[in-house]
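What follows are structure tokens for two forms of the same protein chain, given separately as structure 1 and structure 2.
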Structure 1
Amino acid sequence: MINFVGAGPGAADLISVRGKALIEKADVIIYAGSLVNPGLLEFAKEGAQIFNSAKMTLEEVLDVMKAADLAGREVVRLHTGDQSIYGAVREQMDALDALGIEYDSCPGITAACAAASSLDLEFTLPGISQTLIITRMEGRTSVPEKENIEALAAHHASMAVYLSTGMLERLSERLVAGGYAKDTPAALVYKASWPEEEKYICTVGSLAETARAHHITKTAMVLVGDFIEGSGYSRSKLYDPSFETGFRKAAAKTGTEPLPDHSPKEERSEAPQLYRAVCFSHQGVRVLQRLIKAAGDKGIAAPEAFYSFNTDAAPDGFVSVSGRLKEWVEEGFRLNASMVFVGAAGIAVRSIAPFVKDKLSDSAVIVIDDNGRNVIPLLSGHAGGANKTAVIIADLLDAQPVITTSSDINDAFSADVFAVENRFKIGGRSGLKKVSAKAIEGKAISLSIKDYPPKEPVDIIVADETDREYSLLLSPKKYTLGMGMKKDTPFEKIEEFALKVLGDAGIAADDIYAVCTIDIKENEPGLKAFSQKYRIPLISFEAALLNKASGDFASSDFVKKTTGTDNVCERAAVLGAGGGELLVHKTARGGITAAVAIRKSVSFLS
């Protein structure tokens, strides 16, 4: 008797009780070595013969089955996941039929289900999709034409795409060609249920980038569809390819997620990056032109182009900063722009030297050599995002990203990235260093949340304050700043007023979780620059949503007439704060209004 058994997605205890019993009984086990957890073989009885089918042809597998069956021995043919899905099981059954050998099947948990579980997703959300499409990109095995990805995508049903990790660029293109918007939620789950599992929420458009950023090249499940967002992931976060759900859970416990009812229309990762590049030679111009074109082709933001030459040959589309490079750099640092230097690293180092201050607030600085071969994040690789941007640029130029930050080259946890991505306020540099050094040595980092007090001293505690022992304290940011302003109010005015309002209330910019406003102001250049400079995400709400905020708000007929709501700053602050209370009521000056609210969801921590 041959028993085809589904081994499940990876974790040894995700096999069925029946499947395990069959392994325990088997005299011969043939397992798919590439994906079946060898831990399952520990259930085998003493003396059982074990074969790894990864090294065998179909004929060799059948020979083993035949011989065992003839000797009256029990055979388990162990397949990854469930054998009925891409298991190549039919061909074995047909051969066994021809040989007159009996067989039976015991199902397993398929990878799509494991991936959904690891993200706590439901494929079949009423009102969103009641259908799950299981498919794959064409590889060595062809896919019938009528099932091409474009045609399947057109259904907008929930999708689980197997066997396609190496073809994500193409997969995205085909999903989009089939009618999915680029920002449709997607997820990538690497080795679901294995200890090395990694999971990322992204979008249809950022699948390939997400895989690249995390070096995922195989054994991943791609999930696509609105069910991902419907299952509770707020859209704003979906845009961030580096958003890792393991971290999200930690953050959610401390209440840093916006309340679902008040979910913001736009958030951090969508906030525009001030992104500038300067070159110093004609070769540099060509590299930048190539970068801008490649970015355009992919629909990715390209840097504004500047040049600083001794000659006056101004290339088209470039702005001259000849003789004013220092001012250009100074302005870049002041506005917290990401700056790219195309040329020798020495030029960049000398230009930025006077302005370099602090790794948590310095601008991102990146160098590309004149041939466009190497892309080097020189400054602010983590907090400023230079590493991430360098990887994107390198990909566009087909160049080598030269990453030098220890945690990245050692694949280690980085406390500053963790804090920045989860928007925690960092309580002390020394703790940051201590935790990062430990992670780089390959040691495990423990994390605790105040409501779950640890018995042992931990590396990181997330709380406002605590009397427990820790190396690094990360505190949820407590406030939101609501703002309204007249069109084209200059950045400097907005900055000055916002800092004054915060200063009067004794609040640091570092304590602000988000700047909140009405949607019609979300592209106000001065406000965007403020959000950029202080790395505070900008959240905007439609008037209809602002009207739903509850509280005692100042009311203006003029504002109501022009915007559809009687008050922007207080209502926006309160909504951004998840319905929290106002700490600073509407304050106005020179056509700018500001208010501060206390985030409701974090107040329990204090």
Structure 2
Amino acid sequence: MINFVGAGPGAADLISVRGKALIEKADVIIYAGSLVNPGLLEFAKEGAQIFNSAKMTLEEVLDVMKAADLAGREVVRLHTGDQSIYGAVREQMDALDALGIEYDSCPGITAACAAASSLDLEFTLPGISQTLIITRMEGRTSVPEKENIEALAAHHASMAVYLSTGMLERLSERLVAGGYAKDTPAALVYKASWPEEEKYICTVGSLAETARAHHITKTAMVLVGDFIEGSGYSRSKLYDPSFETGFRKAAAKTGTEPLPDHSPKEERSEAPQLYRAVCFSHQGVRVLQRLIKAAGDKGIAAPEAFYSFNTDAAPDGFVSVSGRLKEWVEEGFRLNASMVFVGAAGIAVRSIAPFVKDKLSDSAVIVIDDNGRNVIPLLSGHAGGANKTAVIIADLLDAQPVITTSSDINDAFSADVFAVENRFKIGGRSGLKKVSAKAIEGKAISLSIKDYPPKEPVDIIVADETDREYSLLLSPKKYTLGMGMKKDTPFEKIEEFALKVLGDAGIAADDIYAVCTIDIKENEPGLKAFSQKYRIPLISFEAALLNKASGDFASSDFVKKTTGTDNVCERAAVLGAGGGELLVHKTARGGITAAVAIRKSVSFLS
């Protein structure tokens, strides 16, 4: 019996259990020596004959198989990856058929799968790509004309290109000619899963440059497509609570996990990162559908649509929260999401009442009537941005924004808006009320900055601390939090770890000026949710800029191969702090890293 066995992409422990068992009992092993990991031969039993097919012709391979079969010996023909992909096995099988020799196949893991796994990628992201094209450039082996790179690139599917490392300049040109933009994400993975593996994220236009910079000339897998960036995808229906399968009944959304927006930057526009709306009637559905369409037409992020109406199933594109409105609201407050109620204001008031705590930390809450005529910010008009969001929604619906905040309707100075826009920490609610009341009365508000200490009491003083008299102290936020994490790290883990790092250093979350990271992590759902919940801006830097940060940083070769810089959290924290010093050096746990830097200088007014 001849057993064709896929050796897997390289790592000896990535061969299948069946494949390993076949090697262990084989009397004769013919392996593709140019690509198969020789470590797999250690599974061979003592006395087994081993042949390296890299030095053999097809006829010589067949001669070994014939002789072994005549002697009643078990043969393993060991191919790299999975033999069904560029394995040249069909010609061997046809020859064995002609000779009347039995054979069998044991599959292996192909290099494309190993390359995707090494970068934590999914080829088939809903809304991005549901097709994987496996192909190669033509070399000594030709490619059918209808399967040339240009023709395949026109599909804009996920693509894995084999056996083409030496032709990357031409590959890039042909991918672009076929329809991929030069800045389409691409990846180059050298010897995926081997100990010497190297992996680099780049673009279609920079494939050849990346290979030259890292001296890669062969044995690399090229991946191409928007799936590499991993943003803008839709949530899988298979695991959606509202989706029914043969194994699970549909259920209402429970609110036990955050579902942040995955939309790309340019589509987020002015709307909040976590932006959700619920309606209670058919009229409300129509209002939300109008809002979503108008937002799409103007390139503004639309809210995730929910439906709470006990007698009907949720319309297409809506998620049912029938009977679970309390949980929906509780989740919104937990994530500091902006929430829009389409219906009576009383429903919103009763729903949010148990969760309202503080005007500076409450979620933004907005009400739209069932006819879409009035848009009313109910809660957190200033600190949460409800007033601003209500104006945006009203513009989209051609409705009337009903703003009731005294400072807004009197066109008066708002101390809390001033603090939020300039990222100041507010010291004392009583002072805030006092200053706001004075502004609404039309009286002048006096303000002093620490470098110009007042000779008499003032309304507002901007300083870390002072012994001068004032009504309201606004303090510049002193620290930046640098973070790195594995792909798709849950929000809860990021939150728990970040707060522990800050707590151990005696730092409050509201004293963080910005959360800083590398650009390839800025769309991590968990990180975005953390930024939104604590209202801390998220700042990202390209690897090239991170590499220019000055300081003594912890260095990781793995991180450098993965991201292009040897350290993310410390370098990002320092850059975000304007070159400030590290207060908390790199701390790591469970695939998350964090560091804290002290801001070097503070510009008090933006």
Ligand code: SAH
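C-alpha atoms forming the largest set that superposes within 1.5 Å between two forms make up the rigid core. Not measured: the values here are computed from a predicted model. Along the sequence of structure 1, residues get numbers from 1 upward.
Peer 1: Pick one: is 1 or 2 the form predicted in complex with S-adenosyl-L-homocysteine?
Peer 2: Of the two, structure 1 is the form predicted in complex with S-adenosyl-L-homocysteine.
Peer 1: Would you tell me if Gly482 moves between structures 1 and 2 by 2 Å or more at its C-alpha, with the rigid core held superposed?
Peer 2: Comparing the forms between structures 1 and 2, which are aligned on their rigid core, Gly482 does not shift its C-alpha by 2 Å or more.
Peer 1: Note yes or no: does the Cα of Asp358 move by 2 Å or more between structures 1 and 2 after the core is superposed?
Peer 2: Where the cores coincide, Asp358 shows only a C-alpha shift between structures 1 and 2 that is less than 2 Å.
Peer 1: Checking Met167 here: with the core superposed, does its CA move 2 Å or more between structures 1 and 2?
Peer 2: The answer is yes, as the C-alpha of Met167 shifts between structures 1 and 2 by 2 Å or more after core alignment.
Peer 1: Relative to the superposed core, report the C-alpha shift of Ala68 between structures 1 and 2 in angstrom.
Peer 2: The shift comes out to 122.7 Å.
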